[in-house]
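Below sits a lone chain in structure tokens, taken as the form predicted alone.
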Amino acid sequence: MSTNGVLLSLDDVHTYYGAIHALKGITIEVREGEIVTLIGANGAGKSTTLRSINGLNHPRRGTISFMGRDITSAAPHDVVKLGISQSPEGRKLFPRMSVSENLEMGAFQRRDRSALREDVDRVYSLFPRLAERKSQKAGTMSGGEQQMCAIGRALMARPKLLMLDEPSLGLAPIFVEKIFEIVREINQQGTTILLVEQNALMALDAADRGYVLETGTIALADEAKALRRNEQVRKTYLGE
């Protein structure tokens, strides 16, 4: 199991897009049971950090460990098997498939077919609206409903770590509130969460700890409450 409650750690991670040095030595950790948030402006490296973890963009330098195992150069499907799943930015559902088919896609690597029913039920209890729409094509739902479906699909892999990339992007305020309520509930049910979010205020209210990214480096790291009070954070990210 993981050492001293640390589920995920990134140590001096450098990730590139071609010649562009996107992450310049990122060091973060996520402990079991936490909600940790990454905040920062567009282009700060938040999504690249998730892509480095999930195997879509391998770092050139540095180490990524999950539950004490080195996953720096693991393939994306192996990362999912180990227990990390992601609800991607922009949701990326299969629009012509029904809600229930999309949820099944989240579990396609699992061998314990008998337990799937239980997980489908869990998703429907978290998102009753999806239960009402289970045979509807995912592409015909509202943005908020699609976001619920994307999070539900990620949960179907039974992750130990759930990564959420911009879950509130483009949603009506009422849906934003709802999504964050559910994020807290998922965490209370025992899933550790790494959250990338433009809405810094909502993210810091939900999280235990946070990291502020600026152009591929960690500018600040602290308890979420302390970041919420930090003058620089309030001016730059909370619009106060």
Partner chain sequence: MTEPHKAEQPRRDGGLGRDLNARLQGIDPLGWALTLTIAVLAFLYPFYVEFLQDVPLIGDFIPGVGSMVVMLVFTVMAVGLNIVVGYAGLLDLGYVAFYAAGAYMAAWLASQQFEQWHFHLGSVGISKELSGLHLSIWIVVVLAGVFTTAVGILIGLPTLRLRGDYLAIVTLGFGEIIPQFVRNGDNVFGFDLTHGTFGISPIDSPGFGKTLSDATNELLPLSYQQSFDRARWFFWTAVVLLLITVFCSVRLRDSRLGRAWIAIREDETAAAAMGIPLMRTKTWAYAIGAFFGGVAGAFYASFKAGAFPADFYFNISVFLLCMVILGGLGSVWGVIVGGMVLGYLNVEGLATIGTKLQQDAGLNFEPSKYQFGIYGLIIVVMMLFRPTGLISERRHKREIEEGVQDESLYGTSK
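Residue numbers count along the first chain shown, from 1. Since this is a predicted model, take the numbers as computed values, not measurements.
There is another form of the same protein, the form predicted in complex with the partner chain; it is not shown, and what comes next is about it.
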Proximity of residue 61 to the partner chain in the model of the complex, heavy atoms at 4.5 Å: no
4.5 angstroms heavy atom contact with the partner chain in the model of the complex for residue 83: no
4.5 Å heavy atom contact, residue 185 and the partner chain in the model of the complex: yes
Partner contact for residue 100 in the model of the complex: the partner chain, 4.5 angstroms, heavy atom: yes
Region of this chain that lies against the partner chain in the model of the complex, out of 62-70, 176-184, 200-208, 28-36 [heavy atom, 4.5 Å]: 176-184
In the model of the complex: members of 99-116 within 4.5 Å of the partner chain, any heavy atom: 100, 101, 104, 105, 106, 108, 109, 110, 111, 113, 116
